[in-house]
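Quick heads-up: it's one chain on its own, the form predicted on its own, in structure tokens.
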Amino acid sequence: MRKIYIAGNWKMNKSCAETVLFLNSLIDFNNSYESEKIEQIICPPFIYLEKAKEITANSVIKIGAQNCSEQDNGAYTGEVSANMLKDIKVEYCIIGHSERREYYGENDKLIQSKYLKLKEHGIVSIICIGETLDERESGNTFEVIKLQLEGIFDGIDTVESDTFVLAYEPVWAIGTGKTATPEQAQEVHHFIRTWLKEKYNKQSADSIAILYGGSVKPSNIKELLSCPDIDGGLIGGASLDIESYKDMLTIAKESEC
């Protein structure tokens, strides 16, 4: 049985004080919230990762980074390696986010390198894929998704569900207030799972979590989680507000029934 992931991507937001306040409030909430099936992940900016790990050390909350380098070390000014993330016990790392692709020119080959480096250091990758508005309106959604999957997993003969989760994030629905309908999201998630089954095997396909990332919020997460191939959300703006994040956890817990 796959877990439900409620993963907050804070992007370039919050101060240290705001991070502390949010995480302490979430810890208090968890004193009366119990669910072994739900994975709570918060991905703050790099500069607050160590503080976040310190605060959440004895809690169920997992901490993730928003990116990492494909290099181990060296003259790469401004970069952070997977080994550095491992050193402060970060459990997850987002790679391939559409903003990294668009603003920094990251491609599938680079994303694969980052995934393999994170895997080497025991950090779970949250691998993002998704199409732009032009690609969807042109009817090329599945072709784009397939090409991204083929690029990222090219030459990888086996996959392990404890090394990565996938996040389908339609670029046209990120930060726009638009959301793919549950039917649209499920259709793409099912396509992804079918691709995994055909490339690898049914067991692998059934065990790998696929998250939806595109303006997820308390008002739509219940419908999204009701879809058989959607295993949670990679959540941007709605994860910045503690009450909103707690609401989504409550809805996710109710969806277990």
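Keep in mind the model is a prediction, meaning the values are calculated, not measured. Counting begins at 1, following the sequence as shown.
Just so you know, the form predicted together with 1,3-dihydroxyacetonephosphate (13P) exists too; it's not on screen, but the next bit is about it.
Find the only residue in 122, 175, 74, 139 having a heavy atom within 4.5 Å of 1,3-dihydroxyacetonephosphate (13P) in the predicted complex.
None of the other options qualify; the answer is 175.
Quick one: does residue 11 come within 4.5 Å of 1,3-dihydroxyacetonephosphate (13P) in the predicted complex, counting heavy atoms only?
The answer is yes: residue 11 has a heavy atom within 4.5 Å of 1,3-dihydroxyacetonephosphate (13P).
Does residue 99 make contact with 1,3-dihydroxyacetonephosphate (13P) in the predicted complex, using a 4.5 Å heavy atom cut-off?
Residue 99: contacts 1,3-dihydroxyacetonephosphate (13P) in the predicted complex.
Can you tell me if residue 220 lies within 4.5 angstroms of 1,3-dihydroxyacetonephosphate (13P) in the predicted complex, counting non-hydrogen atoms only?
Taking the distances in the predicted complex, the answer for residue 220 is no, it never comes within 4.5 Å of 1,3-dihydroxyacetonephosphate (13P).
Report whether the minimum heavy atom distance between residue 211 and 1,3-dihydroxyacetonephosphate (13P) in the predicted complex is within 4.5 Å.
Residue 211: no, not in contact with 1,3-dihydroxyacetonephosphate (13P) in the predicted complex.
Work out which of the listed stretches, 51 to 59, 228 to 236, 196 to 204, 32 to 40, brings a heavy atom within 4.5 angstroms of 1,3-dihydroxyacetonephosphate (13P) in the predicted complex.
Selected range: 228 to 236.
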